[in-house]
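Each of two forms of one protein chain follows alone as structure tokens, named structure 1 and structure 2.
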Structure 1
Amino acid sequence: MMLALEEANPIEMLRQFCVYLNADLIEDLGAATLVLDNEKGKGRISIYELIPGLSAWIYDIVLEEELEIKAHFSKEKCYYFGYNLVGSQLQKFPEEAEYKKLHQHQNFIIISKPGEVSHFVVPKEIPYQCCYIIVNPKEMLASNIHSKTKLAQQLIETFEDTANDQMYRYFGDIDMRTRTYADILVNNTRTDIVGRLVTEAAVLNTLGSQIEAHDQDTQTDNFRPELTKEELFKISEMGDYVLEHISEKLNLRELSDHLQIPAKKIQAGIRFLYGCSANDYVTRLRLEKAKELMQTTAKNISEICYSIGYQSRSYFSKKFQETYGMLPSAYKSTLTKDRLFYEISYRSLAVPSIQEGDVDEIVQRARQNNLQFNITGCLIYHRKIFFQLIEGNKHDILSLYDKLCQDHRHTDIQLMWKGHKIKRDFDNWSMATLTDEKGLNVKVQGDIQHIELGNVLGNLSQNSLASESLWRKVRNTIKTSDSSGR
């Protein structure tokens, strides 16, 4: 198997994996997971985009065949920090004859250069757990978040001389300290508020630990936290309790009573996991909750401020700005000013009387209306089944969906996904359409190609047409093609 991987934003890249492995893709805001369960293998690859310019890739997978990845770097210089938790992989640059082995528990760093290529081989038939932290220092610097811009600056200074104008590769020592953090990163599958903070802290700790190891270039395997694994686990889950009591004043003694762990150990555990004090950790949870409330409710900022346990709005604003680089009001307006898009995907059954000509009529009308509301999307009609994805401003999408639900030309409407996303997938399409008769012309890696619906769907039984994963696959195939034109 050889996957020619084009460097792009993390979700686009993961989608390339999905199409290649015929896997399922589950997207969330700032995160996505590829789920593989077919003849090519089993497991998952998850990505998290923590802030612009800082993302993590986590592999937890067993492949039936060796997978060769030819990664083609196209963005500006990015730093790849890799760590194999279980298993090993191979790497080489194109001009090299032999692959080099990246061992289990070994730190490795690659600094890319636009236009260059690196080959990787993921082994077959053995469990493979690995994390990659990818840093684009320029993008991070632009994020305006003080703690992160400092980190980006540090990285640039550390690697300035080593990686001026060529690809840089560093294979470090076996490093057991990084292992503790990478272990948390790979094994945390929660994507809610608590899970996100665990991931973010584990990413920063893995990164910090790798940079330190790179700087010292010495073995650090005598590092052991004083806490037991069970205690660390309990502390990492403590966020749930805090969130349940988020509107109250919380103190360390109460947390200690609840967890049955001495307060001092809780402090040490939080410092180990998140690199901050217990107070700062609780503040961070409050602020994440505030962000979630802004995304998902119509509450105003004062209401949110009080509901997460702050008495003073100005203090809340100050903390928010320190953490996210912008005031709560500015963050809220990024959500409302069309900066975030809303997507609904569903499938439905056409009523028996519907002919292809009727579908043309639906599409024509849809395109006229959608242009007016700046709605884009894609409609597939296959053997009496509609699949549609619509995207745009949340209010407009919800009201179109209401209309669609009342349309008598289809029945059995099943919602597959609804939620926010940062970017449209069908920017240039007021309604891209794929039908059995016509197929669709799309641009794939620069060339116009004709997609036949039958090729996308394969030989299907009526049963598999009802499966959600099939429609996700269709959606990913079309999204992977550069949907420009028409």
Structure 2
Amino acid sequence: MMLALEEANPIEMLRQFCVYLNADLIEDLGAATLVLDNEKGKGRISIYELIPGLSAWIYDIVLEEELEIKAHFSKEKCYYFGYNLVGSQLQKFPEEAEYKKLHQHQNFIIISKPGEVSHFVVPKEIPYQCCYIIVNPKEMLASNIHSKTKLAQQLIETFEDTANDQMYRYFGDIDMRTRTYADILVNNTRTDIVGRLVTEAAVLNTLGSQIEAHDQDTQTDNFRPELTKEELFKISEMGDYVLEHISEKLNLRELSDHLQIPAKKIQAGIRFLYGCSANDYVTRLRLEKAKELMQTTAKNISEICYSIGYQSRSYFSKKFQETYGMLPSAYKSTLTKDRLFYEISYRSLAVPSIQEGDVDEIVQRARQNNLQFNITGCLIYHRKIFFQLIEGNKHDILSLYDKLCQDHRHTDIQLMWKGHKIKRDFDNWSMATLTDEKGLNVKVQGDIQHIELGNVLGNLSQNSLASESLWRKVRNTIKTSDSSGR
């Protein structure tokens, strides 16, 4: 795939992506999100225009094919501050034969030259999370917002000697400080007032962190230990090797042999990246793996202890309590209580012979039984199609879903999503219900009742209504609507 991207205002640029990827585009005031869910990939690209001349681009996407972007820069000179939170990308200027790799957790800055081109490549079939902050100093200076014009002036002064009228590129070190703010940017999906304030703060903090790292890297000699960038990249990926050998005894000499980096440099690199010793870093990986196994397997504490490389259960318990403030047994017990919930959502087709009284009975019985097992959720019935979301204790949800699959009153059951979550979406409703079928006697229940099904689903054919992708969008719509209505 190759996209010829013309530099323009953020919404117009996102529309170019949308047309090329055949994706949905959801627009809001000062923000927009591209939703991709087709043969080209899955995920989202969001943009936020904070003020004229200052915007943030958030990529959280997995592509089925490699995407090459040929970016044509406009007449304005813009500054691109980037950070790869998950995954990597490639970049080169036209006169370069080989691409340069932008690594995970690496700061990079590209300053455009009006009328020039830059090539980017996003790899296929791997999660890609990245944030770009795009600054147009000329537009910011014209905004007459004192704090923003001051920032624009600072950027011009910082980079005027390095960029001049040429293309400028800076690849920084692996930077875990910027990661904190980039993580907020990527994972904040709210576009309301609170969400926009969170985004603006994260954008300014990310920008400040990147400028500080650039200044220290280019103006001082002691910003990082005596390690090459390639050595730092290797050390930052050391965790994968540790997890692959988590049940084994690992020492610094073995890690040094694997990375082909002296042990002293590994210690310095770990302390620089994570602020702890190499031994503490390996311990934290073991303990995080233990938590994951408690959440996802039926292994007991002893089995988990030995599988992550500890020979003494008492020592494992001691380290776990020091790190998380509770014993492993106490943590495991919380997973069987109301700390974690399990959700299943599905779409199904009502059998042709179903009557309005049958649907009334389904809803009434669901509300009674759900109260008994502390199950909550939502049901939509529209033109002979059911959509249901149920949440509660994992065992109870799986048992209920098994019974639902055997119910003869619906067919073609399509699972939309299943998994754990930390809170309920419909905690006040045994079965929040939404329908526009006027013959039903069941009372509409829940904060989703203000949703107009006609607006959500449109005037679609029956075949279109049965599509899996449509009901995935409905799931997101009702979950967002319910949370915003509280």
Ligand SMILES: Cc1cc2nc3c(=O)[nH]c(=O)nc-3n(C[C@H](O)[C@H](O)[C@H](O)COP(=O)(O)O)c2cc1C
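Residue numbering: structure 1 sequence, from 1. This is a predicted model, so every value here is computed, not measured. In this text, rigid core is short for the largest set of C-alphas that superpose within 1.5 Å between two forms.
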Form selected (criterion: the form predicted in complex with this ligand): 1
Residue 94 C-alpha moves between structures 1 and 2 by 2 Å or more, core aligned: no
Is_shifted residue 182 between structures 1 and 2 (CA, 2 Å cut-off, rigid core): no
Core-superposed C-alpha of residue 428 shifting 2 Å or more between structures 1 and 2: yes
Shift in Å of the residue 246 Cα between structures 1 and 2 [rigid core superposition]: 50.6
